[in-house]
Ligand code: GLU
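One chain is shown next in structure tokens, namely the form predicted on its own.
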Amino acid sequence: MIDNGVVRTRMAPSPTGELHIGGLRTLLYDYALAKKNKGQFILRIEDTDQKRLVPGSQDRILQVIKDYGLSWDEGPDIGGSYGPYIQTQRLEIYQKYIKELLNKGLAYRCFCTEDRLTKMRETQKASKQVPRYDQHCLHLTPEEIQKNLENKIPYTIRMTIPRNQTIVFEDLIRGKIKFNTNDIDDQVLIKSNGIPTYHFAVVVDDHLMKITHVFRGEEWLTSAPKHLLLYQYFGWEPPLFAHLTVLLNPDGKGKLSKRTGSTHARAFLDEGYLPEAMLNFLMLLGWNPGDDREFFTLDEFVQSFSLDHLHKKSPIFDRKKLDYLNGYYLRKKTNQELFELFKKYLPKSTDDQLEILIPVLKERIVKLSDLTTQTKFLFENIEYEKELLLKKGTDSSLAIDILTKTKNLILGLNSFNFEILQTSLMNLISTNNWNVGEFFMVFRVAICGSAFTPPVVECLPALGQEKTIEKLSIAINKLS
């Protein structure tokens, strides 16, 4: 359904928690298709599942989308011609359309109790049948229905599903798909509290908001025939559907889950992944440009985006590839651009320390949260066993000699910059005929409390002369 040739896409998150990273990928494709075709991208909040609502979730979802550099043309915060854009503010609209279905006999009231429905499902499972509603209330007489209404018996409204009909539609990714209505349950459209279910509200909203294309996960594929029947019942032209593949765990086994790390869009930003790197990564999880390009700005992606290049095979959420992309975007930033980013993850650092650390560490981190562990030695004395100082098989007396002479050298320096430190230490090593690797292992552990560190000499000016001497003294005392 394309009205006057205008492409309109939407993203409709539910405020039941944080925005999943897979949801952000869907949103990105929605955004790209709309912008590529000079159309509109709409944000709608689907809050009909009142039991699962999480306080503050809606605001956090809107904010994280903005933090990724994405925006919308219509939505709950900015309005638009087809609002309201929050489903619980549209209840009167849904009542109008559900009455239309009831009057046509395309929906019916179901007065079954939860206890009856539970027993029905248990019986069906015991008989190895697919659990589904048995249409008990479909056959109630008008008099029985009226009596139940007068007695104020709670009810839901179910969709009347025709028997043994074939529903066919063309998915933009998967091609022609067929369903038989015998496999479809009489879906609840309006719950007993008067609030619509997802299946009813999404169809009404997408039609009234003139949505032309719907991207959603493949888990919604089995819902497509129910939605298409509703479009048919109302005499509306449905939008075009594209059911996206799921994201797989890094090992390629199973749907992306928390057991392999972050799954929420906000968590990746908190870990220090850059928005532009995350978007670039998500672009390629289910789409390709048709060539070997792998770096895309948002604008470049919009211009290159094509439905023809959406994947049918589920992509692996390759965190090594994400780290690679993030490192690339970090190194593209100027030192000035990195200043505030580094400051966020190193709140104890001074401006002078940051100016020293940025050019040293920007080449060696893959995400900003790496800074916290790599620079911990700058702000506290790290606990370590004295054996670590002797990791390369260094004799204890030699290690003490190295540390003592290095301490005395640093005590005598009038200037504490990298060039002087590097030259002075290399001269000291040469004078004493020490092994370079052995010296720096002892020195690195003494300063950082670890055998694996950032370039230790380049970081010394950020540590400062006094604290450097203090750390060397601690190491000497461990070995004495």
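Predicted model, so just to flag it, every value in this text is computed and none were measured. Throughout, we count residues from 1 along the sequence that is shown.
Unshown form predicted together with the ligand; subsequent notes refer to it.
**Q** Give a yes/no on whether S14 approaches the ligand to within 4.5 Å in the predicted complex, heavy atoms considered.
**A** Close contact exists here: in the predicted complex, S14 approaches the ligand to within 4.5 Å, heavy atoms only.
**Q** In the predicted complex, does R216 have a heavy atom within 4.5 Å of the ligand?
**A** R216 belongs to the contact set for the ligand.
**Q** According to a 4.5 angstroms non-hydrogen atom cut-off, is R10 in contact with the ligand in the predicted complex?
**A** Close contact exists here: in the predicted complex, R10 approaches the ligand to within 4.5 Å, heavy atoms only.
**Q** Does E46 reach the ligand in the predicted complex if we count a contact as any heavy atom within 4.5 Å?
**A** E46: yes, in contact with the ligand in the predicted complex.
**Q** Taking the partner as it appears in the predicted complex, which of 288 to 296, 118 to 126, 195 to 203, 150 to 158 has residues with heavy atoms within 4.5 Å of the ligand?
**A** Looking at the partner contacts, the answer comes out as 195 to 203.
**Q** Exactly one of Y328, W236, Y345, W220 has a non-hydrogen atom within 4.5 Å of the ligand in the predicted complex; which residue is it?
**A** Of Y328, W236, Y345, W220, the residue with a heavy atom within 4.5 Å of the ligand in the predicted complex is W220.
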